[in-house]
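Take a look at this one chain, the form predicted on its own, written out in structure tokens.
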């Protein structure tokens, strides 16, 4: 059997790994001209830890820990109002914190040599047949595969080709998020510093293991489908939001002048009515993006890839495998898309009074035995426990 996977993020290479272990021939295509190794801190929880352990890459992942000590809420003057060390309940920093690019590289390096990667390629059309799919690529070439897997993220361009234009899977959360890398300055430390401004901005500075800082700027917006923005347009939009907002916002705005890895856009949860059609299927964020507010995107991508590959390996008909994959995994994915009450609005302040209340709430939570109430974004360490029971598809110890 031969599979085409669109997308070389976390989900695509992870699915490729397990399909290859089950004896499939796999081709992975990526729209970018090379592996995209940028991105922010991500974590691995629940049964995803067992998956990477079975692959033999857990120690390598741990060796790439960002060194983040925990979360520190700061005020406009930079004073720490509350700390949540990594070992405490309520901390948004988890035991396994790794840069997205590092994790992608580790997974790709773990792939068997039989997995073929093609960069600068995308899918233009899918011709479905009873016994396979004829794929037309962006350069006009065609090729036949037994299955096609769209694993190209929240903003997947392949999703509509797989499930059609009427599935309407996007659920806009009313806010934008950005991610980029900044120079490390004197005074930067190994804490995730979280700042809430009085004008609707939430800004982060987080340490990495490369001598730089990872920043994120988030804000509420009614604009859920913006036109394409150039790098300069993204930079200016962020700088206009940041200037005069207190804390390190002016520093972030200044340092953006030399940044070329800016991601900026609206946040959507993906809630597709169905994940497959015929021999084509969605995986990872293309199927069930939970957004960073849940802290579960990477975990869902890893577990879902394992399940999808396993079902394909244990069913004669791909259509039956896709149905089994969805039955087994959809409830878990949807459960982990649920946001805590008030999120994301509770994290944003559009007045000085609300900004003070947010910092006060964090301070109270940090000093309380019930520290988990401070977890605005992902419910604290709710996912440190293993709640998904991994099926045994046979030969899963092959790594």
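Just so it is clear, the structure is predicted and the values come from calculations on it, not from any experiment. Residue numbers count along the first chain shown, from 1.
One more form of this protein, predicted in complex with a small molecule, exists but is not displayed; see below.
Peer 1: 191, 204, 179, 325: which sits within 4.5 Å of the small molecule in the predicted bound form by any heavy atom?
Peer 2: Here the answer is residue option 179.
Peer 1: Could you tell me which one of 246, 318, 153, 169 places a heavy atom within 4.5 Å of the small molecule in the predicted bound form?
Peer 2: When the small molecule is considered in the predicted bound form, the option within 4.5 Å is 153.
Peer 1: Given that the partner is absent here, state which listed stretch (128 to 136, 228 to 236, 281 to 289, 68 to 76) has heavy atoms within 4.5 Å of the small molecule in the predicted bound form.
Peer 2: Of the stretches listed, the one contacting the partner is 281 to 289.
Peer 1: Taking 4.5 angstroms as the cut-off for heavy atoms, does residue 19 touch the small molecule in the predicted bound form?
Peer 2: No, no contact at 4.5 Å.
Peer 1: Is the gap between residue 62 and the small molecule in the predicted bound form 4.5 Å or less for some heavy atom pair?
Peer 2: Residue 62: no contact with the small molecule in the predicted bound form.
Peer 1: With the partner left out here, check for me: in the predicted bound form, does some heavy atom of residue 121 sit within 4.5 Å of the small molecule?
Peer 2: Contact check for residue 121: yes, within 4.5 Å of the small molecule in the predicted bound form.
Peer 1: Is residue 31 close to the small molecule in the predicted bound form, meaning a heavy atom pair under 4.5 Å apart or at it?
Peer 2: Yes, residue 31 sits close enough to the small molecule in the predicted bound form that at least one of its heavy atoms falls within 4.5 Å.
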